[in-house]
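The data below hold one chain only, encoded as structure tokens and taken in the form predicted on its own.
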């Protein structure tokens, strides 16, 4: 079983549209993992059935049992996150500010503060409209621990692939270089970087490439909207050549991408032109590399 992760240094490069196209081309030979849990939107193109759902708990959050609270204020005094406001003459916990450190519970003289599991999001296993399995999740509003949720998505995707002898996992990773990205790429077989010819696109792609190199993972690159700025596209090619990262495709700017999204389809289902053939050829190259 081989795991392919598609990431980008910034949002808006077309990463998810390209990943969804790979999911369609792979069909039942792939398990799809949506690791972009902060802004999960693979379901918009693959139309999963949300057959299985469970709550995802990670970390702790404090709760004050009012009947046992003597209002001494020690919890408020020690909290460095301003998570213990006074409302209607009661000490309460602001869950958005609470970091779950447990210090308030430790100093409470009446044990009126308990540390409960924090609800951090929802986790799903679905069948898509094309018949393959999608493992996906949605991080709760203002929740952290997105890296742990990404890890759960990847772990379940691997389990499904191994149990059903499915040869590939195609994962849509988060943009950037933070914890969710590290959780997305660690231990994968190939990373596909999707970038665009903008100043921020080149800058953020270089940071992603540096991150991947530290893990010793093979990577390739796709330049989307490559004809928007030829000078920056040349700069991206030079960077890739210097870092010995293969450039497997350059996709032109085309409103067909937007039309496909409006129709609820991937670009390879909606378009019969150069973009479809280029993405198909890219998928073949990716399978050869892994």
Partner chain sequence: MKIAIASGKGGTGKTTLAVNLASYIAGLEDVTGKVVLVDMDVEEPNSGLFIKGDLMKSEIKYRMVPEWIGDKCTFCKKCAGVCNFNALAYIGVSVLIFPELCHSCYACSELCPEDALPMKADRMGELRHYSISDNLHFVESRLDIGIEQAVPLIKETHDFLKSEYDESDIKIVDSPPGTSCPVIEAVKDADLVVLVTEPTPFGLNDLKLAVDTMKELDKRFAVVINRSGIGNDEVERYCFDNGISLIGKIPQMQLAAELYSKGQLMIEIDEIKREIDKIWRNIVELK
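Just so we're clear, the structure is a prediction, and the values are computed from it rather than from any experiment. Positions refer to the first chain, counted from 1.
Just so it is clear, the following notes concern the form predicted together with the partner chain, a form of the same protein that is not shown.
Checking 251, 40, 64, 236 for any heavy atom within 4.5 Å of the partner chain in the predicted complex turns up a single hit: 40. Only one of 163-171, 189-197, 83-91, 121-129 places residue heavy atoms within 4.5 angstroms of the partner chain in the predicted complex, namely 189-197. At a distance threshold of 4.5 angstroms between non-hydrogen atoms, residue 207 is in contact with the partner chain in the predicted complex. By the criterion of a heavy atom within 4.5 Å, residue 16 is counted among the residues contacting the partner chain in the predicted complex. Shown alone here, residue 69 lies farther than 4.5 Å from the partner chain in the predicted complex, counting heavy atoms only.
In the predicted complex, the partner chain lies farther than 4.5 Å from every heavy atom of residue 112. Along 258-289, residues 258, 261, 262 each place a heavy atom within 4.5 Å of the partner chain in the predicted complex.
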